[in-house]
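Let's start with one chain on its own, the form predicted on its own, as structure tokens.
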Amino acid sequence: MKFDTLIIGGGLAGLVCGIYLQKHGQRCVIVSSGQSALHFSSGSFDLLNYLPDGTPVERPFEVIGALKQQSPRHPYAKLGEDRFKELSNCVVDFLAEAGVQVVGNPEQNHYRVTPMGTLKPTWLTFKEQVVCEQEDKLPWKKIALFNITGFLDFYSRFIIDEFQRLGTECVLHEISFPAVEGLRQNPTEMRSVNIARLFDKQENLDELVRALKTVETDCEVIVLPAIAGLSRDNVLTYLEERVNKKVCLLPTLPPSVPGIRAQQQMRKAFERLGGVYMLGDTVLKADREGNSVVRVYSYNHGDIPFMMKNVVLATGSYFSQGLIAVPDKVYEPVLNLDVDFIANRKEWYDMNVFAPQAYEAFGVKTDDDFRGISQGQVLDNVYVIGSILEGFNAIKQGCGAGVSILSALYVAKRILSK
């Protein structure tokens, strides 16, 4: 099996890289073992919310110099200020072409509502969700919050309390109808994705419209948990036209309907461009000649190797087992690349669970072009992108999605320039 580029990992970073390469004439294959972190997304992509020293960031473009000083190995520091700005500015259009509609811009963070009702700074938010420009104020004074009776992954009381603290009146309405009652027979089935599958059917969506219209309210906007739009593009427009109100979605606890839909849309875009997406397969080993990887073997294909010009590693961090932690080390299991970690395990973590944890910044070592390093040697045709990279704390710095997207675009451009 011969390809121009083999991408290991089918999450956000792998899909962005694959789509860009396919659009520009490469023949790519993505090997994905299963679910990615997108399936657990709360509906937004962060670029940079805090500097490593904890300083809040409102305008990411203005702090890249400070970031580089505080964290020289951060992926943004390797990109440099000019590339960081150039790549960030093209992401909204890139995602739109892939079928993922977002709002936001990289020059100024906005705020979106979390599953607990609080406001969080971010870069890009899925278009159907609640966003605002101020950190202490919602754009409406009166909201009607609807929830499905028995849906426990949506904390209505917390959300109402937070909205009221922000100066917005919020009234809860619970709704139900026969199709949803069927899910309630088993509590484990009353999850966001299962409910969303119901609303992919026209008759159930129309029943939801009737349920929304039965409540007389003078609200400015109707807010629903993110339990619709899994496989349909026009759900909110359809609802708004029939209830004659603006309708927005709020993220729920995982699994994430908007995140899964984004993954599906990007996979379709990749395959529509001619890419090959192999789901449910795992890369086992690779053969090297000199400083290049020339053959890669997977579980499903046995002794039939992938042969390619370039390999892109996008396997994620601990969550997806892109990194493996054992008592004395952290290692990368697929290509055996060098990993930056602290030798003394006691320094991996802080007993204060809210403090930055050192292990979160562990990752694969690369040069400034994101080429992987093995036993101290830079590999000529192996690139590393996404959350497996060294030098950043995605949670505390609020930059996980940004690192994934920008490193993927940079590496795709670097491969094409060869």
Partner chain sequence: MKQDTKKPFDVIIIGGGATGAGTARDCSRRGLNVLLVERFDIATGATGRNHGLLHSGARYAVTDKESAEECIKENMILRKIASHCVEETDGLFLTLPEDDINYQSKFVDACLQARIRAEVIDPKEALRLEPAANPSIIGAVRVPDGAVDPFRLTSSNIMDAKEHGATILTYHEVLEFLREQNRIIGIKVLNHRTKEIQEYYAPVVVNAGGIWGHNLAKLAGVNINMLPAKGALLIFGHRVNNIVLNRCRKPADADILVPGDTICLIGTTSSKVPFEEIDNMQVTPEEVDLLLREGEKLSPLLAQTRILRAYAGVRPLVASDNDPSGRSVSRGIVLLDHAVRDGLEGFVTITGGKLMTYRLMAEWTTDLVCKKLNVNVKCDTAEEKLPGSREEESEITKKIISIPKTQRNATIGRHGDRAERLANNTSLDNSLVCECEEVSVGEVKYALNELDVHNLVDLRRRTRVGMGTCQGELCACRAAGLMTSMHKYCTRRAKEDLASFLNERWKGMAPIAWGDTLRESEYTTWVYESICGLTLSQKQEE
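Positions refer to the first chain, counted from 1. Just so you know, these numbers come straight off a predicted model, no measurement behind them.
Not pictured, yet referred to below: the form predicted together with its partner chain.
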Inset, instruction - Pick the stretch from 223-231, 262-270, 97-105, 339-347 whose residues have a heavy atom within 4.5 Å of its partner chain in the predicted bound form. - result: 339-347
Inset, instruction - Check whether Lys23 has any heavy atom within 4.5 Å of a heavy atom of its partner chain in the predicted bound form, and answer yes or no. - result: no
Legend entry - Asn381, heavy atom within 4.5 angstroms of its partner chain in the predicted bound form: no
Legend entry - Thr149: touches its partner chain in the predicted bound form, heavy atom cutoff 4.5 angstroms: yes
Legend entry - Distance check, Pro254 to its partner chain in the predicted bound form, heavy atom within 4.5 Å: yes
Inset, instruction - Identify, from the list Leu284, Ile175, Met116, Leu205, the residue with a heavy atom within 4.5 Å of its partner chain in the predicted bound form. - result: Met116
Inset, instruction - Name the single residue among Arg242, Lys120, His301, Arg73 that comes within 4.5 Å of its partner chain in the predicted bound form, judging by heavy atoms. - result: Lys120
Inset, instruction - Select from 28-67 the residues with a non-hydrogen atom within 4.5 Å of its partner chain in the predicted bound form and write them out in sequence order. - result: Phe40, Ser41, Ser42
